[in-house]
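First structure 1, then structure 2: two forms of the same chain, each alone, as structure tokens.
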Structure 1
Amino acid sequence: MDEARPLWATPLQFVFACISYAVGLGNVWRFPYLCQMYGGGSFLVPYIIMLTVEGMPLLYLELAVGQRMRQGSIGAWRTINPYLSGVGVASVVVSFFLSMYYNVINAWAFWYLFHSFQDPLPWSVCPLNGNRTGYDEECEKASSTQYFWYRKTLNISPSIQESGAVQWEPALCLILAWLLVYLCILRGTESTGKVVYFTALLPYCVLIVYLVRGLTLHGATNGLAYMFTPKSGIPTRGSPALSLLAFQMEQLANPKAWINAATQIFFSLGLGFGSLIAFASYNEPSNNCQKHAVIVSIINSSTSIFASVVTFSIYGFKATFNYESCLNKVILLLTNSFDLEDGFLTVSNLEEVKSYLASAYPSKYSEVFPQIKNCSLESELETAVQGTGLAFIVYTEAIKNMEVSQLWSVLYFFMLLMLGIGSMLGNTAAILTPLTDSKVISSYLPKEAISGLVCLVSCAIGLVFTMEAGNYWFDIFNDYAATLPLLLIVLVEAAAVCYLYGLRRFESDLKAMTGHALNWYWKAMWGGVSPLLIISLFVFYLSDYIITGTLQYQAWDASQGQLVTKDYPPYALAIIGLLVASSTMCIPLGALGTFIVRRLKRRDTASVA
């Protein structure tokens, strides 16, 4: 099997494949949100520590296992211990869940990319109502970008109970996304190895272009200052330096900052899915996977920080634009209401004039007062958004106000598409490698047919996410399909290598394979620190689910033009339970199945004797 196994053309292809897989949408739309929530620069302290004690060691562990065993996740863990085949199966199940819903993001990116060539951009203005006497009521209550996302893209239903029909335009985009993925994985490492050069490098080109543009936008410095300036509620006397220090200590003492840092590192690197094991299985046995683990970890985290600078420069522009627009509306309202001379009322004297008008014309001012908006740059910047809300609402709102907005829209959604496709290559590799390694399956079906069937089945099931209630199901899969199962999978992986296979045995395997001895740092992390961190995360998430009680979701209320909180119905809770159980139960069931088969074989052997 080893001699016939395909290999990466160069070690660089392998590194690019890992970078393309690890550097994904989470780097762009979750890490900036965490920086915003936990004090900007101070969040980097727990983040870098967690990278050192959790992310980098566990990444190296998975790469080393894949390169040593030269098989996909199922075969690799079965080789380490026959009772661990369920660990590989659990990884495949989680990766299958992920591929079903993750490619929907690429479908949305395609949808926005196609609409980016219109002038004006379709999300830049509200459409007219049916009578053409004014703007659409839902759009006016929300915003043009929210309306385009919730109504034109998702055509979202009021609740998860109202499934609605499949939306054919997003469905076609989903089919296109799966077709593109299939073409990229058609010939295994031969085709994937060429595609990763584009999916790994092009997003950086776009981010650099966006950085240059973002830093030149009006108000960009407001966003960057907000990101790195402490926003503490602690009153501190003395110098600003003492205030900064007090806030940083407050955030470092906040357990949620550490938990979110560990979670971000864990999921950003894609641990536990089996993708890294699959990629490493196509390496030469002598490949220095330790060096590559360090390189991929550092590049992934550096990209998150870099993307945050880009995001907050754009975010600052959007917030400043909205703030100044709000002020201009107030100035226009007061100028018209009190017949003031044009140009008399400005931003600099607005508060002073408002006080004068309130005292000189109290009755008239009281009539106008309900229409005066409270404009605040701080409140605009404090709107913390992550996920699809950041990618498809906040960014589009900023892009629509840029000059040559079509160009920036095309570049942005092309970047999202490259990031999404790069991650999908890893997700599908985690599924396909164990299947193509199986002699039973590969003897009946060629690799191209196996790839086609996986893509076809995933696409067919993924059509659920293009229904009117599809976004609610997307959130369920995104929130619950992977979190707890992956923590359990990686915990078992670390324990299996250190205590079942044996750390000394694995150390000698690595030395014979690469020629490098395993130093104390990796052994300490694998044997104690990293598993303890995973257990802590597992306990936190489990207790958080229990304390929360009834799980809730955000539903779109068209009459209010905003999101409202609703409880999940019982059948949705049952599906959440099945999502978690279907992958985690693979581990004990796999061990039980192996135990039963071995007992039966022993019985048969004893009866023959």
Structure 2
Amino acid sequence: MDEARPLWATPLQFVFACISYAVGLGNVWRFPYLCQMYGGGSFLVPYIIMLTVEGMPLLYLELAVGQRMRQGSIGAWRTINPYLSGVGVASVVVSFFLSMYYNVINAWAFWYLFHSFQDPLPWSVCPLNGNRTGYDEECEKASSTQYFWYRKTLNISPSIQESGAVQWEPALCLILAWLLVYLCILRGTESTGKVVYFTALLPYCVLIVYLVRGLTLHGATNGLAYMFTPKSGIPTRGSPALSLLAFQMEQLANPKAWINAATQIFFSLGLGFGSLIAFASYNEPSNNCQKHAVIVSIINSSTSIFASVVTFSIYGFKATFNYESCLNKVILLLTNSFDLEDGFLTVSNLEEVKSYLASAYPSKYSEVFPQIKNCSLESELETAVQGTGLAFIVYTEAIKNMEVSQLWSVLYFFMLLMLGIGSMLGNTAAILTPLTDSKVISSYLPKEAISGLVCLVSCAIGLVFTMEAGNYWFDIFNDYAATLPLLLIVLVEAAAVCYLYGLRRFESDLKAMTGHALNWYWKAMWGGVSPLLIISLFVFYLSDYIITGTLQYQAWDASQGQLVTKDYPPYALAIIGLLVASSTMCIPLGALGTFIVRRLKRRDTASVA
């Protein structure tokens, strides 16, 4: 009889676990940026096509493998073919890198969450400088939200070479984040299964609240309109609607849109880390994972689209607010310089009054003229960013201008925390499931001790990201640790199941397991289309890296109050190479290792006989 493998209490827990893993921060801070960059409406076409052609099949493949083999990634791939044990190890290594740096985001979310209980919010005002005559210089040059992020949260150094010391405040938050993750994974599926109800559902509640609030904000429509208009302004000839449509069609022909759609689908679903295999391995064998794969991928994509509507209505509010403040400053300047009646100058008559003043008092006007800023709504909207910049700078800037900003801030960072913890549960499951499956390790240590050890090691290494140069290392890990290796891993996975294990054999296994026959669509995708897509993505990425030559990064310059581009030093480049190599090399090394072990065994049995 089976040694009882822990199971999900209900299939719903499994679905929620997959959803809370797949729906993460990328849905909130990467998809809206891509959506806007490629024209909004027209980006959805390649996105949905890639979802059906690449996302759903590969997701189904991973879930089916996990459910069939009922082991973590290492054991599952070793069962498929002993030469493939390296694939499982590569997945675990990539998951380890990911969990190291991903939890730092949760630490930052905690930091902002704890600081949201103050009035006024600490990122809404600049601190005073030393002798209380004005505001801090760095804060004046940048904005108060940027200052709070770069100086108070990260205390960032000017370049990656100057590492500085570990900052105790983010370090404390990181330790708390790891303790929370440990609490959730402590008992395996028993505890994880209950936690995922919260991490899957609560972000949606917050998103709906934000949607209602966002759409009712002043200026939200500006942001939504911007999402659907081209980023590079094309001359609008004829009717604007027709030229908009023409542009959308034009974007469909842009290969970059398709590549970014494919990449976004691929990384958003979290394929290749081994988390999906781990989650599926705790399923009942008769579970209908095809249905679940379709549901999870559709929910993931709809969440991305939903989040981008929320994000752009908030953008619109922030841009409109800044635009109106800029106009008010100009009005004040003119009113004071010319001693006009207070309230006489308004937004509507600003232009005509300006021309009147220029003609009536030319000398005085020319004195004041250099200080008059050209306020433009477009330039405010164009500060669209992605990543941590969006979450911690742009959003906080919008939140500080809302009424009852403390409430909105708490809700927002609580949602970020739920999304991040949900993804961390999957990441740690990918590492722990193979470890607990291995008889060698689990005979010495109980499950709780293994989990604790993994969390402790990750936390200790993660303290590197709380140093002054920590954010630069974070960007290195974010950009390179999990991009290229994952493409390779998933490619090998798809090829292995179809050609090494045999598609027909896998099909009969699935039929015996679930009772449903395999649809021809999945066979066609697994065998041909999806691997081809991955190969083309892989080739594109490689050529992109080779063409750009030296790798560069954005460093924060405190004296100017903005980001500057710098080159990576040689040792950083070496570490990037090491990151990519350490996971990709596992695949051939695993095969080689198995080959050597077998040769030795054959020689032993031959010499004995």
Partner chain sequence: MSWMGPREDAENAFKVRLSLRTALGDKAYAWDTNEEYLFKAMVAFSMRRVPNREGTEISHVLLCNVTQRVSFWFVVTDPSRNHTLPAVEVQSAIRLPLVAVSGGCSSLRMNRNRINNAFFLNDQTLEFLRIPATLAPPTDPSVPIWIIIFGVIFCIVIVATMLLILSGIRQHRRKNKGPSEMEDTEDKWENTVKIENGIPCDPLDMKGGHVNDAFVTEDERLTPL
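We call the rigid core the largest set of C-alpha positions that still match within 1.5 Å between the two forms. For numbering, take structure 1's sequence and count from 1. Only a predicted model underlies this, so the values are computations on that prediction, with no experimental measurement involved.
Matching the description of the form predicted together with the partner chain is structure 2; structure 1 comes from elsewhere. Relative to the superposed core, residue 354 undergoes a Cα shift of 2 Å or more between structures 1 and 2.
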